[in-house]
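A lone chain, given as structure tokens: the form predicted on its own.
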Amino acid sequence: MAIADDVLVIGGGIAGATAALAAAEEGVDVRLVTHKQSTLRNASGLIDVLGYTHEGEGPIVDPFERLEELPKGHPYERVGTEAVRDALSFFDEVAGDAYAGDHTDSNALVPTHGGTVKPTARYPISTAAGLASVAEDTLLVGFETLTDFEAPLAAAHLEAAGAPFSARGVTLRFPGIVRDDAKLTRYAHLLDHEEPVSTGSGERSARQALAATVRPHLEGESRVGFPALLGDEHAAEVRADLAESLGVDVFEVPMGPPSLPGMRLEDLLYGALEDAGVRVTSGVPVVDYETDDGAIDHVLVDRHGQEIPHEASQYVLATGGLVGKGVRSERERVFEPIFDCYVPHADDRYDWFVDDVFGEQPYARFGVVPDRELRPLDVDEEPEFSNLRAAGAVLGGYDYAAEKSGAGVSLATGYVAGGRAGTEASR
């Protein structure tokens, strides 16, 4: 017998989690199935809406002023500006005090580990004291065993980019860490649990030892930025203790993968899914499906080599784009691998890219084409299936990396797709 739910969401990133939460708001039974760990663990944890136009202008101050300029077929054009606002409000309710930025339509400028600034609409509270728009002199602290963050170089890049403050970087030894291959979670665990570490002046708790290591390098700066590793379960407490010990504001700089802010966001969303009663089934790929009169009847999920049928009234596809393998390419074609939804692309594979590495790459916009209900369309512009919607990076028509719009599109389309699926399922 098939496992039955009202709404089945396929994919466990921001789009999938948001779709499942939005569907659950309609009072229906929702299940989320995901094959692998979500890409959230590799993400910055920032919620961007639109940092640059599709033509490369920016950084954008107010993303909502520019949404109406986006071309036809862009995911934001499909759902509309008000849906983007509603989705952000929905996220604000889920995130609570873990995120900041809901007080304004303007983008915040958040420093990154490369010394650039990223325009973003919502940002973890751990980064709030380090906004590049705030004119407070800054000390960036890197660590010898963490080569992904070169603090002096990042500080130099910030100053060269015209940041309205003096930035300086130092590279220090992290107390208690001697291995170059130590995971970020090891740094966080030391600080979370106040583990004792040996220092030149004896044994101290990890937080005390870190503050003592940094304190001699302060030269009047009013804030200190660390790579994003300041605790996990007790991150707010770790930052508060360091700020008190150092007598300055303390913030985290978002890092590349793996990402503790991304892991925290994943924990936040999956905690909300549990609270909403959404059933989550992880580690199981969807491998096939059956249809009935133009609708998906059920899908088959591979569980340890056994194909288990899952049926629902409505389905949401949120499996990611080329990076997440929700869209795949072979030598002759580009396709969506679960339902074989239509993905527009040039017949000649050499037209899928341009030689200029910084040029506008056609493959960046690969994805399924949705109608305004976010139902994937076939080559004749008819819905592939009457009860399937798509959300997030599996959608085409935009370049999330160039626009700095990835999380925002996932949030907005997930919210709309899930909400409409839930509404249909409740009828």
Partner chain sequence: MAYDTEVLVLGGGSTGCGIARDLAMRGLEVTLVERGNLTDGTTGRMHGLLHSGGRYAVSDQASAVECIEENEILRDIAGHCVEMTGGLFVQRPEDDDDYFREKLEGCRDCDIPAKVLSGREAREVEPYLAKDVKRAIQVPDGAIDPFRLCVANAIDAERHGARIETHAEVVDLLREGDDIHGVTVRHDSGPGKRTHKTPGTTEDITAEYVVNATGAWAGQIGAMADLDVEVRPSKGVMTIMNVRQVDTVINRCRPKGDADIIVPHETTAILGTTDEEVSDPDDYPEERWEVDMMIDTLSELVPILEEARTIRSFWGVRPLYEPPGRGTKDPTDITRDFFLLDHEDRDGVSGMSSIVGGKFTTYRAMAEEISNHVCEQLGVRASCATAEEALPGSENLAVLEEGMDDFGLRSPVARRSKQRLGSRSQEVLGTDEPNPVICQCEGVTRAEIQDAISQSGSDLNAVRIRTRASMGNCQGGFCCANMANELHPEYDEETTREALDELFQERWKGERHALWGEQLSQAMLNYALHATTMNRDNDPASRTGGVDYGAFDSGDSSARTPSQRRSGGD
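Residue numbers count along the first chain shown, from 1. Here the structure is a predicted model, which is why all the values come from computation and not from measurement.
Not on display, but discussed next: the form predicted in complex with its partner chain.
In the model of the complex, none of the heavy atoms of Gln37 sits within 4.5 Å of a heavy atom of its partner chain. Shown alone here, Ser386 lies farther than 4.5 Å from its partner chain in the model of the complex, counting heavy atoms only. With a 4.5 Å cutoff on heavy atoms, Gly56 counts as touching its partner chain in the model of the complex. For the chain shown alone, Tyr289 is not a contact residue for its partner chain in the model of the complex, no non-hydrogen atom being within 4.5 angstroms.
The stretch that touches its partner chain in the model of the complex, counting heavy atoms within 4.5 Å, is 119-127, out of 199-207, 309-317, 262-270, 119-127. Within 4.5 Å of its partner chain in the model of the complex, a heavy atom is found for every one of Thr104, Met255 and Tyr400. Checking Glu82, Glu219, Glu274, Glu332 for any heavy atom within 4.5 Å of its partner chain in the model of the complex turns up a single hit: Glu332. Among the residues Val343, Val94, Val134, Leu184, the one placing a heavy atom within 4.5 Å of its partner chain in the model of the complex is Val134.
With contact defined as any non-hydrogen atom lying within 4.5 angstroms of its partner chain in the model of the complex, the contacting residues in 59-84 are Pro59, Ile60, Val61, given in sequence order.
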